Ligand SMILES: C[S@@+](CC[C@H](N)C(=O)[O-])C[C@H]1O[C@@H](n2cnc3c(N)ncnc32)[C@H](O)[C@@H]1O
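Only one chain is given next, in structure tokens, and it is the form predicted alone.
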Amino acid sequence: MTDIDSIAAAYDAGVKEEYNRLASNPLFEAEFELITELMQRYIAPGSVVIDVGAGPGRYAEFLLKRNCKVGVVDVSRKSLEAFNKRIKGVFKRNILFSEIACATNLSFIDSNTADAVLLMGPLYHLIYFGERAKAISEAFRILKKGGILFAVFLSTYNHIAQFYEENRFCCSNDADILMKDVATTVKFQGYNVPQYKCLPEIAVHSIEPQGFNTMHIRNLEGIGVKYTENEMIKYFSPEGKRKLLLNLRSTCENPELIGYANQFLYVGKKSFN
């Protein structure tokens, strides 16, 4: 079973870092734009949205500003406290609830009530297939027919690159077998936090059988993962940020490049059947 306590403790200790991440450099700012532009396309103002793994609530706040009704869920108490403090009652009437819970157990949320569900973090921390399947099935249950699922996965791209660097003379099939998905840990705020990484094809094959029709697979950093620190300097100006976003947007759904990123976004619709 995934160590949820370690995840909660790490994010309790890193609330500020997590909130600031999406504004800390042009690549992360572009990540936020690539996600929210699809939210604007598929989540209408006034929609009911459940943000599972909301953290300190950047996406929840974005949707609240669009007059959506939002319920937030996270395993980190301090992340939710920071979100509620920051909102300061401005959007109080549109906050459905703020609950400490794991994505695998959302029984307190009624079925067929949400227009959209966000899984922006849980699926890259739940390292066992059964747990991820349960989180996806809970999202399916909560969604209305035709409701939209947004889910972020970590890609095995870096593992594959490292594998080839360290095993240059191995058969390529070795990498195919070993790197389709990977369970590992990363140090965050002094805690060993579990991480799950996979190729986009694995993500699709885990979500579609549960009743979703895939609409988008979108790289987030995409080709930006190869930019050096010196190369990134030119993108810190307003014009540079605009060019970076255009570059990433033009390639983010290129079938030949899908998965060539640290993270990718899955967007799917709950079947009407």
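One rule holds for the numbers: they count along the sequence shown, beginning at 1. Because the structure is a prediction, the values reported are computed rather than measured.
Form predicted together with the ligand: not shown, discussed below.
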Exercise for the section: Could you tell me which of 109-117, 199-207, 71-79, 138-146 sits within 4.5 Å of the ligand in the predicted complex, going by non-hydrogen atoms? Expected result: 71-79
Exercise for the section: Scan Leu96, Ala101, Ala133, Ala183 and let me know which has any heavy atom within 4.5 Å of the ligand in the predicted complex. Expected result: Ala101
Exercise for the section: With the ligand left out of view, choose which of Gly211, Gly55, Gly224, Pro26 has a non-hydrogen atom within 4.5 angstroms of it in the predicted complex. Expected result: Gly55
Practice task
Considering only heavy atoms, tell me if Arg21 and the ligand come within 4.5 Å of each other in the predicted complex.
Solution key: yes
Exercise for the section: Verify the contact flag for Tyr11: yes if a non-hydrogen atom of it lies within 4.5 Å of a non-hydrogen atom of the ligand in the predicted complex, no if not. Expected result: yes
Exercise for the section: Classify Tyr124 as contacting or not contacting the ligand in the predicted complex by the rule of any non-hydrogen atom within 4.5 angstroms, answering yes or no. Expected result: yes
Exercise for the section: Spell out, yes or no, whether the shortest heavy atom distance between Tyr59 and the ligand in the predicted complex is within 4.5 Å. Expected result: yes
